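Here you'll find one protein chain in two forms, each presented separately as structure tokens under the names structure 1 and structure 2.
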Structure 1
């Protein structure tokens, strides 16, 4: 076990920002996706694990802060010199002498940015700059806290693809905080759902999906006709513009599929939709809390 959290609490003044009552364990090589709305405690959890905020409870680990690497939401550097010098200082190496670093710079197409100062980089280039240095740290546990926030759709997608490609077939342990479900679908194999500072659910993606959504969900547009059509099926919580139908088994799925196809309704079938899973896990957690 790489790290276990027991009864962790973080308070900001009189406000409880995080309260984890059930033990949470992270094994070596796991990819944990952390999801939750604003103020759910995602960044607070990362900060607590990094030892940046005072907390109560226990974090049992043999890791020291130096064994952890992190890409924070906001990463600032001196703008008094070219980023190449910052990179060489942080990694204590020379770019021309470090094959692996050169590979990463090429992988992220960062070469042309090396002579620029940090404040002259675009948002995506700034993110790439930190990502390269974080990756080169070879840390036992790496955190990515909203690594693509503030980026346009295309840059976000390209960056996520790069990260996914880089970590494919590697056994690095990652904790990825994100508001973007597709990012977590690509990068995470376990999901930690936080709600108002508490753990709403934690487990493998497939297990959580099965628990909160069933075997498969069918997602279609929320129109009066579609609502009427699906009235007899188990409907899950979903964003307002969608209807999500849960299929507990193959027979139910066949029935729904025939119905939708018969009425020429467009739909999406998913057995891993994190958005629907998140909404329903959070809903159930809130009901249990009442």
Structure 2
């Protein structure tokens, strides 16, 4: 086991920011997606694991902070220096002499940016720059905290695809903090859901989906007619503009599919929708805490 968390508590003054009461284990090669609303404790967890904030409890691992790499939400570099000079200074290496660094630069199509000043880079280029610096550390455990925050949808998608391609078939261990569900769909194989500093759920994506949503979910527009059609089916919590129907088995799925097709209703079928899973896991957790 790469790392195990036992009874972890983090307080900011008199306010408890994080309370993990049941053991959480991370194995080598796992990709953990961390999700939760603002103030749920996501960044606090990363800082605690890195030893950046005081905490109580135990983090059992043979890793040292030097064996971990982190991409934080904001990073500041000298804005008037050429990117190549910043990269070589911070990494204490020369690009032309470092094959792995050249591979990362080529993989992220970053070569044309090396001669630019940092303040002339676009948001996506700045993120690529920082990601390259983090990846070069070749750490046993890498944290990505809102790696595409502030980017437009198309840039986020391209960058997420690049990260997915790079880590495919590699034995790297990742912890990815994000509020973008599509990122976690692509990058994570396990999900940690935090709510108000506590663990609402943790496990493999498929198992959590089955637990909180059922075998399959049918998602359609929330209209009066669709609500009437689906009144006799189990309805999950979902964003207000949608209706999410839980199908626990094939027979239930066949029945709802015939109904929707017969009334010419557009729908999406999913067995992995992280947003629906997150909403229902959080709802069940809050009910249990009452």
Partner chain sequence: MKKKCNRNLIIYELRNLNGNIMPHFFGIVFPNLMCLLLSRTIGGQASPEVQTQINTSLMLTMALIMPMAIMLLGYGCLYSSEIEKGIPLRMRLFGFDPVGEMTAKIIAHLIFLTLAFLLFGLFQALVMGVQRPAPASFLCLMASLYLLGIIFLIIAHAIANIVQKFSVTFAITMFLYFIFMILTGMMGIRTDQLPTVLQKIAATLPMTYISSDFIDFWQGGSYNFMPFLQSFLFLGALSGILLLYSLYRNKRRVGS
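Model, not experiment: these values are computed from the prediction. Residue numbers count along the first chain shown, from 1. Between two forms, the rigid core is the largest collection of C-alphas that superpose within 1.5 Å.
Undergrad: Sort out for me whether 1 or 2 is the form predicted alone.
TA: Here the form predicted alone corresponds to structure 2.
Undergrad: Do you see a C-alpha shift of 2 Å or more at residue 158 between structures 1 and 2, with the core held fixed?
TA: Comparing forms between structures 1 and 2, the residue 158 CA shifts below 2 Å.
Undergrad: When you overlay the rigid core, is the Cα of residue 118 off by 2 Å or more between structures 1 and 2?
TA: Yes.
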